[in-house]
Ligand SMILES: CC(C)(COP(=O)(O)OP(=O)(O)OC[C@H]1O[C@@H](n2cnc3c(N)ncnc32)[C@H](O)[C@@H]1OP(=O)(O)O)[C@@H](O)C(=O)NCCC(=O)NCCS
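Take a look at this one chain, the form predicted on its own, written out in structure tokens.
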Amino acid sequence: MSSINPHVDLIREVFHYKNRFEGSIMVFKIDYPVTEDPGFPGLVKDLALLAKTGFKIVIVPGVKENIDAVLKDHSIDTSREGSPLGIQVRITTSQAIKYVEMAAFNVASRFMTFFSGSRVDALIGNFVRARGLGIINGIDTEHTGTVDKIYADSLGRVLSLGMVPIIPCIGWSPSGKPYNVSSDEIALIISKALGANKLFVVTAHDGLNITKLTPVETEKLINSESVKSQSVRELKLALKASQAGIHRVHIIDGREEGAVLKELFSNIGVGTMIYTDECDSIRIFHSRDLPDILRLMEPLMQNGILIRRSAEQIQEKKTDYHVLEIDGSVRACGALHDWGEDKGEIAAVATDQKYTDRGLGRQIVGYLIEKAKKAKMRHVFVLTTQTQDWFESLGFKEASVESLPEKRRKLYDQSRKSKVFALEL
């Protein structure tokens, strides 16, 4: 049975996220090296699966390296300059623009080919109106442009038909003049214009080994000089997207098989999520949480770490229990029992075994300590047989059984010989 449970949990997570995000708009900015990876057909197959399942998918291919190669093949030199947008832009001359268009549409066509193979309708469209950047630092940028407008209504109609729009890095002026526009900028502004639920930045290098970041943490990381330059660009894009109102931005390694599905349909994910909404929360226990609490506690009760509690016993003291949710799923629990004498007991602390490295137990205990303080308790204590080191790391110190409140002392189980650890508030 134990080998089946992880698969059951995974199925539950998939259905949870499908129900939550089905019909939502997701923009995928996919760096060019990903399209050169042997796993690229599998990535597009997964994106096609999302489109078939009811998700609205927009693709913005990165093309930088392909443009570099095409221009080199045709012996055309280009330089880069800092733009008012705070990024380095390619100076796209009249001689270079036709080759830039060639490179951009070549990559977009690769996506079309694989979407067609998965029987998903896709189209390459002119959804970006652009204007020229003009003169920068005394240099005429010619056919280098910036987004002037996104034709969001047209994009919306395409998405409503279940089709996948593919947006190359080319925009046109009202008179039809083509401009080379940053694909990062296009992905950002399209996400904002469509009110996208998520922006995925799909890269071709190892991740940050950080599961989640708030915008504030992201900005600190960018300024810390502790990350590689390639990750700084992605983090800056994610930060801008968060500031533009995109609640969740995911940075993932597109070379990993099934990376998009793992990131989207599991709580843990495989990349880094920059989020602005509160995806983790601790709240009071509701009766509907009972199956989840018992599921979390059962392995610990079997191993003797927690005393066995029945559903009826938990319900009797349900106001003492709290749960920690991640994206609507209960992943940790704990209780605070008031025994009088200004003392409270922290008990029934359990976390999902898949989340042992997320510090959920610490979050629950910290929350219960704060709750005890608000209740004017002066001490909290725990009874433990196997987790004393962990509670000591939280500041608890060993105490005697005699230090327990009288009501709790009378219920002390001599057969378990639990140790008492207390924390002064």
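Not measured: the values here are computed from a predicted model. Numbering starts at 1 and follows the sequence shown.
There is also a form predicted in complex with the named molecule; it is not shown, and the following applies to it.
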{"item": "Which of 218-226, 299-307, 124-132, 97-105 sits within 4.5 Å of the named molecule in the predicted complex, heavy atom basis", "value": "299-307"}
{"item": "Output flag, 350, 362 and 389 jointly within 4.5 Å of the named molecule in the predicted complex, heavy atom basis", "value": "yes"}
{"item": "Exercise: residue 400 in contact with the named molecule in the predicted complex, heavy atom 4.5 Å", "value": "no"}
{"item": "Residue 53 within 4.5 Å of the named molecule in the predicted complex, heavy atoms", "value": "no"}
